[in-house]
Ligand SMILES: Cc1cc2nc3c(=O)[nH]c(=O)nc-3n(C[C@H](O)[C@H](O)[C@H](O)COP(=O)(O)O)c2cc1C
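One chain is shown next in structure tokens, namely the form predicted alone.
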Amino acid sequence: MKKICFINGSPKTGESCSLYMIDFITKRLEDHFKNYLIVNALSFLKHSNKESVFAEILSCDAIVVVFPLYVDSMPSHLLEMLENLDIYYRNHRINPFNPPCLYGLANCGFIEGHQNVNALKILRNYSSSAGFKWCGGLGLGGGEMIRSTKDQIPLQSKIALPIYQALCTLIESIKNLNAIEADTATLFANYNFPKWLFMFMANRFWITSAKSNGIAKKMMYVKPHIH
């Protein structure tokens, strides 16, 4: 039976879009992968026996790296983990003639899914350098909105349908251990939603969040370092 590993690159210790995406995918892969492993990249850095985790990751048929966009790249703790995984793989060469399939699933706060393009290119280059089998990536826009409105805007609703369809394409590729059928094996998707309304809701979110932490709206515009 095939085995799959999900690497959660989110720095959040609680709910996150990355964790929600992992949960969404695993439920639809239950009949194809009876064994699956979820590794939290942030917690992994404190793991006492990293080599045993690396060996388990590399025993999988597919590795799915799920992460939020950080300055056109991946969070630093995820980059550190992947660098160390590369070193371990080079030194041990576990099953070098049949390397794991590597997939990427990035989400960003911007509404446009294509904002993830550079981060997925970084992961693709990493895959090529490390010797994994690159099978493509998916970049989703509006990551925080996906997570925070999952009960109000289901993924199969008209608004979220492009995201749902892109996820289904990724899932089908993982099931068959194939590359995503798209140009450069990369897909991008976002809400079927006006950008101006998305921006309005995002601004309201930050104002409400600041207020709940005792910060008035005018304090958010303070520029203390400008003379």
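These numbers were taken from a predicted model, which means no experiment stands behind them. One-based numbering along the sequence shown.
There is also a form predicted together with this ligand; it is not shown, and the following applies to it.
This ligand in the model of the complex comes within 4.5 Å of a heavy atom belonging to F110. Using a 4.5 Å cutoff between non-hydrogen atoms, I22 does not count as a contact of this ligand in the model of the complex.
Put simply, D86 is far from this ligand in the model of the complex: not one heavy atom of it is within 4.5 Å. In the model of the complex, this ligand stays beyond 4.5 Å of every heavy atom belonging to A41. Checking 87-95, 122-130, 149-157, 67-75 against this ligand in the model of the complex, the stretch whose residues place heavy atoms within 4.5 Å of it is 67-75.
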